[in-house]
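Here you get one chain, nothing else, as structure tokens; it is the form predicted on its own.
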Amino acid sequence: MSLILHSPLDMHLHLRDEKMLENIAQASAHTFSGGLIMPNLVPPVSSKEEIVAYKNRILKAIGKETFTPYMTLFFKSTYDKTFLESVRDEITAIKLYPAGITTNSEGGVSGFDIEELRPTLEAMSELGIPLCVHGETNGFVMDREAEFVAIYEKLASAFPKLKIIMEHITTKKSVEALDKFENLYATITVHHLMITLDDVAGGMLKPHLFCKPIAKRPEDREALLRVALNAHPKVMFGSDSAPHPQHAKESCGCAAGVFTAPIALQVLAELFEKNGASQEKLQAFVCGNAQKIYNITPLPKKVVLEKKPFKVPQLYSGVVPMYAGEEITYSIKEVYNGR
């Protein structure tokens, strides 16, 4: 048994930089037609020159693979309309991080004073630049995303023409917010569709499943599954695949992030089949919805998956993937670039 996915897109992807970029970029570029690239490097990507330079480094790292890096800018409230007009053609979105809430986000937004953010967000609205948000507060770790929904609602109400993407949602409350505001959308990761906090810390601690936002309760996962498996038109796949060296994960002070890029499509294929969701729903989740939400046309690519057991390697260039050493149901059979 096999299935074909056309031009799959990963709309939330960390490729890092330097040696890590060189080592892992092809893991995404081989099976995905494009990915929305996160800007939280050190220092963060916050100028036109940095966007162009980073994109060129990505294109060099992926070699001959057919893949579009959809670039993002690290949000700053000092961006004015003139600056945004100058970078508009180089970016697909702008990513907002609450200060210090996740990897390399220290330069993010402290507090969410609407009037302070208004000039930049109104300019983005006028120019049609989507805002992607890592939505967590500094509250109790299990409540951070749910608490942030009030901020999403405030932003959506104050800037009704601004397309706002709630990144890597993990809670039932975030799912419910999708249908309350016309301009709210969301990405969902493969790992949040598969695991709960019990998988991370219910027995022996599994550092390679530790991420931010942290996996939540079974009822939260069920809410995510409901909209993903039905390809709700306002949700799309974004892996949040976040590679860290093995020593940074298997240590005191474990780095947050799950590396899923090499196995994401295979795991999704198994998940959708197991739950009786059609191939058309999977295609919409991994491509069609993102095309409409972002108004993009991905490069043609055809990924053929076959129902053949695949043993996930222990390491990909020094990075431990999700399900390392375990067997999954689907394998990548072939990838065709072009129509």
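For clarity, every value in this text was computed on a predicted model and none was experimentally measured. Numbers for residues come from their place in the sequence shown, where the first is 1.
Same protein, other form: the form predicted together with a small molecule, not shown, and the subject of what follows.
Site residues 172, 196 and 221 are none of them in contact with the small molecule in the model of the complex, judged by any heavy atom within 4.5 Å. Within 4.5 Å of some heavy atom of the small molecule in the model of the complex lies at least one heavy atom of residue 240. Contact annotation for residue 137: none of its heavy atoms lies within 4.5 Å of the small molecule in the model of the complex.
Not displayed here, the small molecule is kept clear of residue 235 by more than 4.5 Å at the level of heavy atoms in the model of the complex. For the chain shown alone, residue 212 is a contact residue for the small molecule in the model of the complex, at least one non-hydrogen atom being within 4.5 angstroms. Between 111-119, 70-78, 252-260, 178-186, the stretch whose residues reach within 4.5 angstroms of the small molecule in the model of the complex through a non-hydrogen atom is 252-260.
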